[in-house]
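Form predicted alone, single chain, as C-alpha cells, below.
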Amino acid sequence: MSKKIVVLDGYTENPGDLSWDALGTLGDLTVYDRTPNDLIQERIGDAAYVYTNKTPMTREIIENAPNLEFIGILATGYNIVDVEAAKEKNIPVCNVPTYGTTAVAQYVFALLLEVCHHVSHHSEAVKEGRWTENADFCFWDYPLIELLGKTIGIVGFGRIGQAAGAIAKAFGLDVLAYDEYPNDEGRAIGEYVELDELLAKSDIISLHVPLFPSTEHIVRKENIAKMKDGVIIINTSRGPLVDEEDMVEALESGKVYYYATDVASVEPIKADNPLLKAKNCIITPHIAWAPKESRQRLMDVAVDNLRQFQAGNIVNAVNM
C-alpha cells in the first residue's frame, strides 16, 4: 500500500498551469490549495510525507503526526517549520534552494528600472492624453536615472545576490557585496566590504539575506543614517529585513529616495501597513519567484527530494 503524501498549500506553487503527476507517482497524493491552521493536524493525519509552502509546521504538529517521515518545503525559506523538532524525530526537512535564482535576480531590475524610468506611470500618462496635449516632443514628470557608474551594494551575496551582481555589472554598475562567507565566485563579480562601508558608499542597496534574528530589521533607523542621502533600496528577500516604520520616516524625509519591495512584514500585506501610504514606495505582492519556468524548477526539485529520500538518500536537508 502506498504511503500518503499531503500538500498543505499547493496553490501558489501550482495555480493550475503545472502538474502534480510526478509527485503522485511516489505515493497516495492529496493536494490542498490552502490549509487553515486549525485543520493542519487533521489534514496531515497519518501521512508519511508532507509538503508545505507557508503553512506552519510547529513542534506540536510534528510531534502529533505519528507516521511523518519527511517534510518538503515548496520554497527556499524554511522558517515556517520547527526544524529542531523535526530533527529530534529524525525527520529531514528538505527545501528547494536554487529554483528562483534567475527569476528573482531579474525582478530586482524590474523594480530598479521602474524607479529609474517610471515606465508604467508614463505609459498611463500618454493614454490619458498628456503627450498629445504637450507643447514639446517629449515630457517626463519624474527624475530619470541612468545606472552607469553608480554603485549597488548587495547585502547577502549567495546565488541570487551574485546573479543580481552579474546583471548589475552589465548595466555598468560598480558592485559592492556584504556576506559572511566570501568566495571566489563572488570576488569575480564584486568587491566584498563590511556592512557599514557598503551602506555608506552605495547609491542602490539590494537585500538578499535570509530572515534570521541577526538580520531582522537590518534596515532600520540606525543603519539608514549610515546610507547616502537619496539611496534606493530594493527588497526581494523578506519583509522583516526592513523596519517599515523607520522606512516610512526615511522616505518622508528624503533620506531614502525610493523603496521598491516585493515583500512585506506580514503577508498578505495588512491594510494598516504604513508603506501603503508612503511616498516613493513600490510594493508588489511577492511575485519575484513566480514565473512558470521558475515554479516548474521548484516542482522538479521538490519531487526529486522525496524520490531521493525514498531511495535512501537525503538531499537539500536543512536540519541534518
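Predicted model only: the values in this text are computed from it and were never measured. For every residue, the number given is its place in the sequence shown, counted from 1.
The next section is about a form of this same protein that is not shown, the form predicted together with a small molecule.
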{"query": "Location of the small molecule contact in the predicted bound form, chosen stretch of 112-120, 88-96, 222-230, 205-213 [non-hydrogen atom, 4.5 Å]", "finding": "205-213"}
{"query": "Check all three, Leu29, Tyr32 and Tyr78, heavy atom within 4.5 Å of the small molecule in the predicted bound form", "finding": "no"}
{"query": "The small molecule contact in the predicted bound form: Gly186, any heavy atom under 4.5 Å", "finding": "no"}
{"query": "4.5 angstroms heavy atom contact with the small molecule in the predicted bound form for Asp179", "finding": "yes"}
{"query": "Ala288 within 4.5 Å of the small molecule in the predicted bound form, heavy atoms", "finding": "yes"}
{"query": "Gly72 within 4.5 Å of the small molecule in the predicted bound form, heavy atoms", "finding": "no"}
{"query": "Selected contact from Ala168, Ile234, Val104, Met247, since only one has a non-hydrogen atom within 4.5 angstroms of the small molecule in the predicted bound form", "finding": "Val104"}
